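Coming up is one lone chain in structure tokens, specifically the form predicted alone.
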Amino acid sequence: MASGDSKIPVNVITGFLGSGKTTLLRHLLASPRLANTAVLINEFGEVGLDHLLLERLDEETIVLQSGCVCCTIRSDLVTAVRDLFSRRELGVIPPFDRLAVETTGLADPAPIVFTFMADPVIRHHFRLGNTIATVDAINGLLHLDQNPESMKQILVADRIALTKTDICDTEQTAAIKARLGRLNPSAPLVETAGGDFDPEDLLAADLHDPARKAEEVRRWLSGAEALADPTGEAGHTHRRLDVNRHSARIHAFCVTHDRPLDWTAFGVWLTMLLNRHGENVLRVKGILNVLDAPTPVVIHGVQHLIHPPTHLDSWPDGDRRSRIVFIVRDLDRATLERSLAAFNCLAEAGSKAA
């Protein structure tokens, strides 16, 4: 099995129709840091990369001036990724060390993420990187209110690229920033208008990168503090997000647990939660203090899909409590909190009885 360091990172670029995915992709591919990138897109004819064209290798593949390889997806994603990797190994196309997958504007990115987790051949050679969602500063609020696909794209994202701020007034830009911050508080927001941004702000430091996962955990833990009770009291704390209209049913909160968690009991609890309410558990991220484990365990999931847990070499800060950030729809924080505590108490009681 390939090590985590040798697997090719995959960045999923999603976003609603007209939100600027192609413009963002152009800027990313023009960066020397992404010179060895392969790109899978649904229909190459719809993508304005003409000024980057260098050589067409075949009907579906071109090499760009940056050295990147662009391919179309004419069948399913699994076939396209396997074929791309096979041609890389055979030397038919130039080698690449990163893969970017651009979704259609109406796509739910969760199944794409699941593909890279579930297919055994793909999983052997690739690992997930950050999922990036583009949001149009001018029309973003309208899309959020009228199109559920836009909401899903933002909630799945690890990074949010805010586009068209250069042609949007200050008040409207502030409004969409506030809305995005309430919907997905753990996703950093990067303004990308005009290409004046660092690609590393979108691509670097993800939970699946062995060299950067501690950095990513520290980043989203700092964001989780905003979801804590403003009184700063220890124990279980939360703050319901003040979302409106289309997103009134969606809220984010941080559950904390003071005592070490029994790993088996926690796994049963999370499995039951996702089996029953997976469609409404939109995102979950957590750093866990596990009983008899010297270092923390990190979990990360989207709806029914939970990534394999990872272990940090050390705690990122002095707080040893378990902290789990949820973004949910129509689920009550107090109920989740009570059920987790009950599972852990039962496990502790069973351990003492044994």
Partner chain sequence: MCGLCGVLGAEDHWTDAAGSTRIFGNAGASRTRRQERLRRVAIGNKILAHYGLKLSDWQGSAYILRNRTGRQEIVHNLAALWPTAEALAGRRCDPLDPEVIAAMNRSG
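These numbers come from a predicted model, not from an experiment. Numbering follows the first chain given and starts at 1.
As for the form predicted in complex with the partner chain, it is not shown, yet the points below apply to it.
This chain is displayed alone, yet in the predicted complex one of 121, 138, 78, 268 has a heavy atom within 4.5 Å of the partner chain; that residue is 268. Only one of 162 to 170, 79 to 87, 107 to 115, 257 to 265 places residue heavy atoms within 4.5 angstroms of the partner chain in the predicted complex, namely 257 to 265. Although the partner is absent here, residue 17 lies well away from the partner chain in the predicted complex, with no heavy atom inside 4.5 Å.
Taking the partner from elsewhere, residue 33 is found to have every heavy atom lying beyond 4.5 Å of the partner chain in the predicted complex.
Mapping the unseen interface onto this chain, residue 249 falls outside it, with no heavy atom inside 4.5 Å of the partner chain in the predicted complex. Proximity of residue 273 to the partner chain in the predicted complex: non-hydrogen atoms within 4.5 Å are present. Contact with the partner chain in the predicted complex holds for none of 10, 22 and 25, as no heavy atom of theirs lies within 4.5 Å. Contacts with the partner chain in the predicted complex, taken as any heavy atom within 4.5 Å, map within 296 to 319 to 297, 306, 307, 308, 309, 310, 311.
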